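Encoded as structure tokens, the following chain is the form predicted on its own, with no partner shown.
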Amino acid sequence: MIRIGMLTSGGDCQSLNATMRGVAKALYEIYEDVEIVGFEEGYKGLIYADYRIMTPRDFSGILTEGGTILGTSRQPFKQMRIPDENGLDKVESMKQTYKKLRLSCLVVLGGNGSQKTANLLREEGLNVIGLPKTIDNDLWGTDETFGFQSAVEIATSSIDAIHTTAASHGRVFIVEIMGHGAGHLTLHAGIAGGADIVLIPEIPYNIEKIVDALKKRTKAGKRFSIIAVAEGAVAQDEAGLSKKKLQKKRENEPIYPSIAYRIGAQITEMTGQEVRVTVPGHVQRGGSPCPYDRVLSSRLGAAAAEMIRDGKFGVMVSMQGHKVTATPLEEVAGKLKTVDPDGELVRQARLLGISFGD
């Protein structure tokens, strides 16, 4: 009998269940005798041996179900080598759980931090395969991550819904989209939703340029404007500042809930225009996966099962072009895939008249 461990780690997204289902269904097809061990709440379950033996019934009917049937938690990579409050060596404990259960492989569904820990376990001698999960699409080594397209649809729907009320009231509306260090989600949703200004971390903005773009629209007879801003967007005069220097620079400024509110207040102060802020927040992670993600998740899951069969461990299943392939975990770990400021998509967005505030 072959025994496979599986866990979902970090923030949730719409396609975790669909991906686990893909892995499981393919494993059941490949092997006559296979047992899948599901760890509860991500790496926490592996550390403290909190698991359950899963059956084919567990994976039935979950293709369209959002969230994760195993639960998830954030276990920061930088704390993995630090003993817990009881002095437990977390890395050693994960290794012991793996060996005690006689696992042939551990399948990790997660984003950047999760894949770093997966690589750590690979370095410790465990057979590990990663699957690329994040709505931010910022994982190195893959063109696409599952969850991204579903989040794009929700973020785009938020911008779509703002259009009618913005047109009715003739105001400036700011929609804040998730994405701390990468602007893929905001860029795609901004283009799809017809935003007039798109602000992403990779292209630091100048508030005066934003105001100029708004004035240009007003002069052209446009009654409203929509700004899609990534939660990690940064001003040009603050880009590159350390957290300490940034706090010092802002010590005499009002404290705003998020970047969207700060930009909104600055626009009102400089133009007198009414500004409204909408923050979809974790709604972008919720609901059912879109059809595209269901197909992507099924493909990635099935490919993971094939790699287990072929003994191809220490990799993250990835998409390059339209083909499923594998990227070594050591290449993925610690790298962030960001938007290319001079790339094709940004260039085409500019040709459509979208301002990036620079």
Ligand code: F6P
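Start at 1 and count along the sequence shown; that's the residue number. Computed from a prediction, not measured in an experiment: that's the story for all the values here.
Heads up, the form predicted in complex with this ligand isn't pictured, but that's what we're talking about next.
| field | Residue (of 158, 134, 119, 72) lying close to this ligand in the predicted complex, criterion heavy atoms within 4.5 Å | value | Contact with this ligand in the predicted complex is made by 134 alone.
| task | Find the only residue in 282, 249, 81, 102 having a heavy atom within 4.5 Å of this ligand in the predicted complex. | result | Only one option qualifies, and that one is 282.
| Going by heavy atoms within 4.5 Å, which of 233-241, 187-195, 86-94, 172-180 lines up against this ligand in the predicted complex? | Of the options given, it is 172-180.
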